[in-house]
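Just so you know, structure 1 and structure 2 below are the same protein chain in two forms, each on its own as structure tokens.
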Structure 1
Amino acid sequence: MQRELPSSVPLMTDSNSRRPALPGGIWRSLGITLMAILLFVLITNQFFNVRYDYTLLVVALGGAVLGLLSGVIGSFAVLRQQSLMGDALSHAALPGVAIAFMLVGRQMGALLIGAAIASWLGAQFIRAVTSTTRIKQDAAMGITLAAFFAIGLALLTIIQGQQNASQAGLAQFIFGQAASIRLDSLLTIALVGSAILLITALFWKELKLLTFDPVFAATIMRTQPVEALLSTLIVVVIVMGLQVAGVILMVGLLIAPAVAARQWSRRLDQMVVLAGIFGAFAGGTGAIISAADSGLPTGPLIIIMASIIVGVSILFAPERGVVWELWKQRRERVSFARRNVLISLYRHAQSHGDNYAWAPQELITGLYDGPGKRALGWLEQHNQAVKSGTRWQLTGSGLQAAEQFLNEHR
């Protein structure tokens, strides 16, 4: 059964739908994205002398895979109104990075493990606060973000005071650094990402039910393990993305593709696939720009690309975009003016006791001004009214349409 959800969570789910998994809208979006990627490659190659060598391809693939994972997992955070969760957990990773550096030095594996542990503790802290107190989830996430990030900054200050040469690599965790992605890192990201996508597919029904109807989900299953699983997936994606997007802007890569995909979709599967496509495009192109010029940090560039996608989606997405709404409002105003002009001609004719009595054009323009003139032109074009000098008369089809409008109104 397919139903439209309330405006608070305006997404259609259809677990029993017989539609194909990838409807035409997604194929069109995928085609547009592939064309955009091709255009991006051609422009950067021809006008900015970007050479797509082995290193750059590895960096681009790494950013694209991270963007894809962020879009898929971020969709659930957006729909559950937990957009701040990614921000809180990414900032919570900073003290873990600092502590791991103080213990074992600059070893990327140890730093990422420290970040994962700190982020996971931050997620558990948020759950403990919301389940044992009356503090709302947004307040708990704000507290976690501020507290963990403050601890991380304090630890970084201590590390900087030690004058350790190896501390220079810690800066990449703040803003991200695309050049840090090597082939072994890409293989690790791909392997972990495949596991994340597989887990998401295996627990698809549980995640969907928890996202849209947590109250009902609590009556038929234990929701705590599913919530813990979703939090863990978010933590893993954030930790992998710290190399590319950094602590501060990782939330943008997690949320922006899902926000953009929401503008184009009505179903959860559509949104998840589109968010992955948009995230892959933003991650890949941002990483390429950063790698082409080492002076530009990766995180801001990725978020700029993701923000462009969000802006285009907000403006031009069908049925929800700003341009669509403006066009729809204009069409409704024009349709409203045509109907009113038609009824005015009909009532004028009835007041004179003749269905085909002539009405002066000044009557219409005085009531409806410019829209009235355009409505008269449309009625004449569609053979619902005829003109003689400055007078107008209904035709048979116009008379029938006016009577139908009045009957519907009654």
Structure 2
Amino acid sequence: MQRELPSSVPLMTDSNSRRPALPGGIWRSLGITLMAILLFVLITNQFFNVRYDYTLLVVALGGAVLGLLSGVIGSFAVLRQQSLMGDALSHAALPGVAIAFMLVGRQMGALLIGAAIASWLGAQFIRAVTSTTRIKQDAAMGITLAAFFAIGLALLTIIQGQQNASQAGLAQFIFGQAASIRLDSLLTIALVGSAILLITALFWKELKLLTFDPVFAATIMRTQPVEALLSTLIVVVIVMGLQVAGVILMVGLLIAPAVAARQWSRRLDQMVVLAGIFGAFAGGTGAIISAADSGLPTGPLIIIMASIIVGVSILFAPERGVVWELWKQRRERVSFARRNVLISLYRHAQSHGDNYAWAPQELITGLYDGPGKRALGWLEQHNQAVKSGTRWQLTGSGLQAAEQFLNEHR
């Protein structure tokens, strides 16, 4: 993709580094999200006969809160380039769920604690392997992911073989099932969620510093406790999110909202807020679709909603998006053509020793056929050139503009 000319780069960064990417960008995307929620509710209600009753609201709220937490904490994981750590840790949670089930039965709290312990063990295992052997992070994560998941699956098949009537809820941890969220688990989710948000707010400064400049952070504070705090937050969020997204797709819920939010803002606070909103939207809508159509697992639906948000963000985000980039390129191409046509007219006139010499159109537009004609039309409109038949002549203001430009760029 074409980038700006080198000479203009310092200018661009200079003016932009002191202000947010686009003032109001966050408000704009907030508004879009709100409208999207309204539209979603309206469409599902009107055309798909989804009834927004009490149960569905609980499920939707649960999905939304879990999505919000994933977005907020996922922002840090994405910015620290640890996206796939979430994948390894969510797979690693499975044996914890199975063992907790074998020990105490189907109690959501116990299952989540088991998941958290297993996930934490997975993180420690990755650290131990990378620090004591030549094996790199990617392979260590792969080993942990596959081995822990296999242990979890083996235990799950043993549990299923025992003909236990209440084991039905376990498979939901693989693909996620939001319909299982009841009011009491929603309250737990809300409670733990508020605690996570509170901790994030309290340690905001430390987390921010650690995320953007860990080396500098190490010179002014003890980073180890903060790192431990952050990985604990990630583990807790992953474990809670498993209920709706499942172990295989949890990584998507963790990083997609953060990636989308990153496109709209270059400030951490805005990014975190936006990622939370995007996550909540994906979680809520995915949960609603899944609960309304019980055949579909929740995890994949949430991931598809989140991916749509990412797609829209990558395309339309101001100053970064693909569409913005294309539009900027087009604008630059047009002004480049206008300037070149003007300068060619001027040079032609100079070579004939007459500022107002007539030039044949083909001579001027030879290189820029279509854009050149459009550029000439623009110059004529703006009174910088006049036309007679197929020949062109600079006007006074055109001459002035050309001379001014050449002076500036000498």
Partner chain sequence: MYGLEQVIIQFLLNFTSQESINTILNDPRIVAIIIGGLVAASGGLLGVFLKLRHMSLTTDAISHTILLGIVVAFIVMSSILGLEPDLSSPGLILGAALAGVGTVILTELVQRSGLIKGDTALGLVFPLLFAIAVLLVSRFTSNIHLDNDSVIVGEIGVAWANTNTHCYTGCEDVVITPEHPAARVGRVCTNCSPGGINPRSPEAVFTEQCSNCGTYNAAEAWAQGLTDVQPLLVLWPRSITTMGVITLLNVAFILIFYKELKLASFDAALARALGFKPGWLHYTLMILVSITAVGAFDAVGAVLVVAFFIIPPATAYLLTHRLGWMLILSPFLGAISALVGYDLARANLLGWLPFSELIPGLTWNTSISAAMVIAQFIVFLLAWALSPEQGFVAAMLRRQNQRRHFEDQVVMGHILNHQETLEASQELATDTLHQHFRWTPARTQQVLRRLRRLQLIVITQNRVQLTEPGVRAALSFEQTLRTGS
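The first residue in the sequence of structure 1 is number 1, and each one after it adds one. This is a predicted model, so every value here is computed, not measured. Between two forms, the rigid core is the largest collection of C-alphas that superpose within 1.5 Å.
Matching the description of the form predicted together with its partner chain is structure 2; structure 1 comes from elsewhere. Residue 142 shows a C-alpha shift of 2 Å or greater between the two structures [criterion: core-superposed Cα displacement of 2 Å].
With a cut-off of 2 Å and the rigid core superposed, residue 233 has a Cα displacement that falls short of the cut-off between the two structures.
When two forms of a protein are overlaid on their rigid core, residues whose CA moves 2 Å or more are considered shifted, and residue 115 is not one of them between the two structures. Core superposition places the Cα of residue 132 4.9 Å apart between the two structures.
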